[in-house]
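As structure tokens, one chain now follows by itself in the form predicted alone.
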């Protein structure tokens, strides 16, 4: 029988332990997401999160320092997921789809993610209107980063001559407002239209406005 490589058993145990820690952290985040979405940041409590996650208080503090740390972790995860779905438009590869189709597909990926997690969308939308400054500041910082992503995309589009020269600060704020308004409408709608239909309308508004001309 072949000898087990040195450290093989320990490595396997470490992998299992790391997986268990990741699963427990995910369990806490999912419970916190439900509590924040239902109660709002101000009314949400660590006790409620602990009860929803079915864990001991000591276990919670092994992963997070407090309520703010869990809230931050949810926003950080949302930003990572959004960035993963936003890709630069390829105008150099002849085999690449036309730029407007690449833009559409990217927006559909983003919208599918947001609408696929309505609890998270509710937290993001309610965070900026929270009466507690701590939550409002954190949610504001999140949307500030989203606006930065939009601004960078506009700057790249201008360089590639896909976007007309514009005030990128004002335009990125306007586009962010459009996205937030659409998400708020869809989250509160019982039977929202498909993401492809919504994105087509958003692109039409962004490119042509609403005038019948």
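Numbering follows the first chain given and starts at 1. Only a predicted model underlies this, so the values are computations on that prediction, with no experimental measurement involved.
The same protein also has a form predicted together with the DNA, omitted here; what follows describes it.
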**OP:** Mind telling me which stretch in 147 to 155, 162 to 170, 62 to 70, 182 to 190 gets its heavy atoms within 4.5 Å of the DNA in the predicted bound form?
**Re:** 62 to 70
Subject >> Residue contact check: residue 46 to the DNA in the predicted bound form, 4.5 Å heavy atom >> reply: yes
**OP:** May I ask you to state whether residue 55 is within 4.5 Å of the DNA in the predicted bound form, using heavy atom distances?
**Re:** yes
